[in-house]
Structure formats: structure tokens, C-alpha cells
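One chain follows as C-alpha cells, the form predicted on its own.
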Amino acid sequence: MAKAEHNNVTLGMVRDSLIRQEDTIVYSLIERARFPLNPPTYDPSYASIPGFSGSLLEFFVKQTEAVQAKAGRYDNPEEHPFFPDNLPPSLVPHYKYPEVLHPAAMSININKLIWDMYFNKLLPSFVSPGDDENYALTAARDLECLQAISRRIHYGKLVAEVKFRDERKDYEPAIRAQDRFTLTNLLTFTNVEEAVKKRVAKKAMTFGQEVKLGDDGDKGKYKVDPAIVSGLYADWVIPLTKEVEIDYLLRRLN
């Protein structure tokens, strides 16, 4: 979590972090869009890595996560590995992160859903078909996108915790009743969600413009379609974040 004491984490701080994370997600999508789909990256028959069964992408992610685990990345409660089984322990001095979340937060990881969404829904919608043989770079850009989206969605745990503290009397009855419907209503602010979708589309327009001096021919052309970025938030980021929030709150009084 952010380096703040337990009682100093506010909804405003959380929202500021979510807004900054929008930048990271938009930039990571722009960087991935530099490369075409590059299907061999995902084809297990292409890699043929001795002692490994799977695609180059899976090999890259697993090896990268192992190195990052040794460096302490997954000691941070904001970070969630895509292949959590058998990760090596951290080899660096442990940083004592503020204990903001309920211990139940450790059991919530929906990266399997995020992985499926990214490769089966999102990726084909914003990269061009084709193969330029830059498979390692393609895998690296995919992992950057995955980690940025995962961090944003799992940040829902902190969102839920802060909302719970601010309005405990409203949340506790629904939690005790395990009432997902009421929790969903408590967590939903339609005007805020609409503003987020508009803001990320605007960022995609601003960050992803094709700029050529003295030539307006590319005006309105973007590296990633702003509608796709807005749709990512509308269809996946916001709903999955809400699922994380609800899963966390249902365990909050345990």
C-alpha cells in the first residue's frame, strides 16, 4: 500500500492513486500496440524450451515473476502474481508495509480472469494482425499490460476497506447477511464510473496522438482507439474491481 499510516488512508488518496494508474494502463496499451499480434508468442509448439511445457509468453511471465519474487515484489500487498504457485521467497530485507487491509485480502487473486480477458477479449481488439517476429518484446509488453491492469483491479481491496471504515454502519448489516446485491448498490456510483470512462478515453486521445509537424493529415488518428480504452474500463476494469471489493467485504468481519 501507499506509505501511509493505518488511520491516514483516505478515499481521496485512493482515488488519486487510481487516476495515476490510468496513465500506466493507457501507456502500456500504447506500447503493446507498437507490435502486431505475433501469434507464435502464444503458441506452445513454437517455443520448444527444454524442460518447459507452454508458450513463450507463459515462460516469460513465469521466469519474470520468479525474479521479481526474489526481489520482493510480491511482499507488496498491491502486487498479485499470475502464476503464484511455487514462487521463490524474497531474498531482500523485508519492508514492513502498513497493515491497512484485513488479512482475508491475501486470499483474493482474480488474475486468471484478467488473463483470460486480456488475451481473449482485449488484445485482439487493439493490436493489428500480423507477425513481425519480435516475440520476446511482445511478451514483455503483454506482461506490462497485465500487471498494470491487475494492480488497478486488485486495488479494489483498498477501495473497499476505506469505504467500509467511512460508512461502517451501512456496510456491516449487508456483510453479516452476505448480501452481494446490497453491497453492489453501496459500492456503485454511476456518475463516478461515467467520469472515469470519459477520462481514460481522453487520456488515450492525448497520450496516443500521432504527431507530425506541419501536417494535419493524421489528426484524429490514435495509437490505441480511445473507445477501446473506455470499453476496457466499462466492461472489465470497473466490474472486476467491484467483484474484488465485494469478495473482500464479504470476508471483512471474519
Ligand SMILES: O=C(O)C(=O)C[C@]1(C(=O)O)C=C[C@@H](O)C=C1
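When you see a residue number, it is the position in the sequence shown, counting from 1. Computed from a predicted model, the values in this text were never measured in an experiment.
Note that the form predicted together with this ligand isn't included here; everything after this is about it.
The stretch in contact with this ligand in the predicted bound form, judged by heavy atoms within 4.5 Å, is 185-193, chosen from 23-31, 62-70, 200-208, 185-193.
A heavy atom within 4.5 Å of this ligand in the predicted bound form is found for exactly one of 151, 102, 121, 163: 163. At a distance threshold of 4.5 angstroms between non-hydrogen atoms, residue 244 is out of contact with this ligand in the predicted bound form. Although the partner is absent here, residue 234 is not a contact residue: none of its heavy atoms lies within 4.5 angstroms of this ligand in the predicted bound form. Residue 159 belongs to the set of residues with a heavy atom inside 4.5 Å of this ligand in the predicted bound form. Contact check for residue 18: a non-hydrogen atom falls within 4.5 Å of this ligand in the predicted bound form.
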